[in-house]
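Below sits a lone chain in structure tokens, taken as the form predicted on its own.
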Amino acid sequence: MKRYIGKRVLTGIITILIVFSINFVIINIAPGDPVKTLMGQETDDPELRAALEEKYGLDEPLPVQYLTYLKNALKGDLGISIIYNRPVIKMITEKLSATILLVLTSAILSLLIGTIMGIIAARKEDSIIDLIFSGFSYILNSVPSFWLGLLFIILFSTVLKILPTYGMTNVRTSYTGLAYVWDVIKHMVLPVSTLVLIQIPLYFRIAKSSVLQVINEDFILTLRATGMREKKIFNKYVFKNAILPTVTTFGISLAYLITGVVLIEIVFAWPGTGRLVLTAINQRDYPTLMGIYLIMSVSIAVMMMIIDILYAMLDPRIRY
């Protein structure tokens, strides 16, 4: 097991370095000039440009910039934002907690709801419940996340006026204690519901197909022939084997949800990393972009390592 974990950790580190290198090259060769954005389109002072390029290390060749940034990143220094003139790591830390709250809540809820729906549909294949769940899943799978979010805003905020439309808290009040928690929960309902509904089809399909595949295995037929109860067969053998693909899917979707929640954060004005990414892209804020992409790649690699290890614990055959 230790050897297996060591291999996965080494693979994760290599993946992070490769992704970081690709992002660094793409960001630096993309059209746009961060110094020109900072100076203003009407200003063309060579001395000011030279000073700004020296301040942010943009006067060095790309290989030197790469090595310098990598060395500083290993120390926890992701540079200074060109637009905000603040440490990038501090800016990301301030926004990341809100994103993680949104991501974890929606990922766990979608895992539970989608998996339960898939298991019920598989055990009642071709029934009315199966047809309803499958149709519901197909419809949700074709709905764009931003459109669904806007629809929720119109329905529950504009028409019914029962839920807030934007933000994480009510800026007009200063709640504390349980009142603050309840305020955050109310603001989470719409963005979390949007993310959950968008993810349910994925878990539904995986869970249903996995259960059906295991149920049709020869060893399940043998257990039934011995007279073992269906409930015991499902709980002890079918569920344990069928849940493995769902665990893998959860890890992958959780990792990529951190990167893909940007659009939902923008729609609901959620104070996460979404707006920070959008501003950094528009303003060509290279340090902020590289810092965010580095955090994203690390989160994906870490989640993949955790899922691989968890998968090996659930299925010992994977270790060998």
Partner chain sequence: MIETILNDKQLFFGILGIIFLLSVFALAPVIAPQNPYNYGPDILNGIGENGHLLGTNKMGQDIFSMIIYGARTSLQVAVISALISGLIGIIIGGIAGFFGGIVDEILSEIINIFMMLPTFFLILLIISLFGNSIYNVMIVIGLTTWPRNAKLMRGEALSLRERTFVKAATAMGENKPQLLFKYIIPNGLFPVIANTTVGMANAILTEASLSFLGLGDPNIISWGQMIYEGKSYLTSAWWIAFFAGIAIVITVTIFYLLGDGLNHVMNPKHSVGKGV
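Numbering follows the first chain given and starts at 1. Only the largest set of C-alpha atoms that superpose within 1.5 Å between the two forms is called the rigid core. Predicted, not measured: the structure shown is a model, and the values here were computed from it.
Although it is not shown, the form predicted together with the partner chain is what the next lines describe.
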**Q.** Non-hydrogen atom contact R284 with the partner chain in the predicted bound form at 4.5 angstroms
**A.** yes
Q.
So, H187 and the partner chain: in the predicted bound form, are they within 4.5 Å at any heavy atom pair?
A. no
Q: Look up in the predicted bound form whether P144 has a non-hydrogen atom within 4.5 angstroms of the partner chain, and give yes or no.
A: yes
Q. Is S157 close enough to the partner chain in the predicted bound form to count, meaning some heavy atom within 4.5 Å?
A. yes
Q. Which listed residue (I80, L163, A98, L212) meets the criterion of a heavy atom within 4.5 Å of the partner chain in the predicted bound form?
A. L212
**Q.** Of A179, I132, I139, I108, the one that lies within 4.5 Å of the partner chain in the predicted bound form (heavy atoms)
**A.** I139
(Q) Pick out the residues of 214-228 whose heavy atoms come within 4.5 Å of the partner chain in the predicted bound form. (A) N216
Q) After the core is overlaid between the shown form and the other one, has the C-alpha of I281 moved by 2 angstroms or more? A) yes
Q. If we fit on the core, is the Cα of Y69 displaced 2 Å or more between the shown form and the other one?
A. yes
